[in-house]
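Given as structure tokens, the chain that follows is alone and in the form predicted on its own.
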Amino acid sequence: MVTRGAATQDDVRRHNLARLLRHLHERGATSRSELVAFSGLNRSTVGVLVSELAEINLVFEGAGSAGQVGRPSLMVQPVAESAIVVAFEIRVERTIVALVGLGGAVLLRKEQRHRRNSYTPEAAVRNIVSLTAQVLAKAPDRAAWVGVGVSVPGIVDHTDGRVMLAPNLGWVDAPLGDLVRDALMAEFDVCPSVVVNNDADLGAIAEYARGVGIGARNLIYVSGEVGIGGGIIIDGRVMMGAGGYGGEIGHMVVNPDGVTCRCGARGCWETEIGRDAVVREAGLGGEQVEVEDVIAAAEAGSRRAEEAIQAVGEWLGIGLANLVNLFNPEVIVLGGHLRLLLPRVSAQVARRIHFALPAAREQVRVEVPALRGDSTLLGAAETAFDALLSDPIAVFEDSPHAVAS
């Protein structure tokens, strides 16, 4: 009985440490009084927990802002340089890497282009190892490397990071999680937690925690790249589906008379609003052409480019109206190139959403990401921090340190 009671107390302590650190990681500087109100714990317990986190430099306390009546309160805030993750966003034609510190601070970010048709899973892993070495060389001295997050535009098995299908990359049944873990271990002799996830799910996670979705419980993130993906949060939880493959809204058929999709179906939503569709309809060709180029052509007076943008607006609105009816979200966030197009097609989108069921359409707002083009990348960072935020002391102490040169 004594042993079980002691274990239970330790479990409660670890749970409370995790709750406080996650809150500070997501919300930033917070007074002890606010932590007491948030946690429901008494002040002395919060003080002990904060002190324990401060002892290993995960948080520190400093004076609050000046100008308030009386003595400024001490504010508890995460130490960005104490714990870091390496986050990757694999896109069809580029890979983006970021070194992110506790609290969400982006310490370093860089992009590297690659050819669409030759970027195999093995090539991606080689790139991940090389870029990891580059960013860790710039990491703060004595930082704990606590995780790696990888975003992929495809269907991912969340249990082991296997990419079941990434049609726009040409990947089928690629064991990316295992490949990354093995390669990092071979290169660095250590490997923290590795999390591989779908890009749209990660965009939803980031905007829900740090962006336009703060305060909402139901959110859809629509990723816009060569393909179209959907990250769906219902009642505060990411919708996974029976096998973890839910949210593939880009393959919702909207135009049975449309073109054949890479998935094999005809008229998928992404064939009407994906990047290739926008470029194709605008009469611009080549892998290096971006939606920004189509917008620039329209602004320069190209009638065909403008008509292509307006056509995308119609199909975008049709698909969004379906999502409103299906999921009744409070917020729909348009990522990737869709965030660039929305200001030019907002009238068409609003008109199409008007045909959704009245009760649902009156509750929804369509937004561009607060995190701009990095929602997915920062979502990968958020999942990479999960291990630390779930058990701060144990994970911090077990993580490799002194990663900087």
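Bear in mind the structure is a predicted one, so any value in this text is a computation, not a measurement. All residue numbers refer to positions in the sequence shown, first residue = 1.
A second form of this protein, the form predicted together with another copy of the chain, is not displayed here; the remarks below concern that form.
Judged by heavy atoms within 4.5 Å of another copy of the chain in the predicted complex, the contact stretch among the candidates 145 to 153, 321 to 329, 81 to 89, 300 to 308 is 321 to 329. Proximity of G243 to another copy of the chain in the predicted complex: non-hydrogen atoms within 4.5 Å are present. The closest heavy atom approach of N168 to another copy of the chain in the predicted complex falls outside 4.5 Å. Mapping the unseen interface onto this chain, D276 falls outside it, with no heavy atom inside 4.5 Å of another copy of the chain in the predicted complex. Although the partner is absent here, G283 is not a contact residue: none of its heavy atoms lies within 4.5 angstroms of another copy of the chain in the predicted complex. Out of the listed residues A63, L357, V48, A347, L357 is the one that sits within 4.5 Å of another copy of the chain in the predicted complex by at least one heavy atom.
The contact residue chosen from N197, T95, N218, T132 relative to another copy of the chain in the predicted complex is N218, the criterion being a non-hydrogen atom within 4.5 angstroms.
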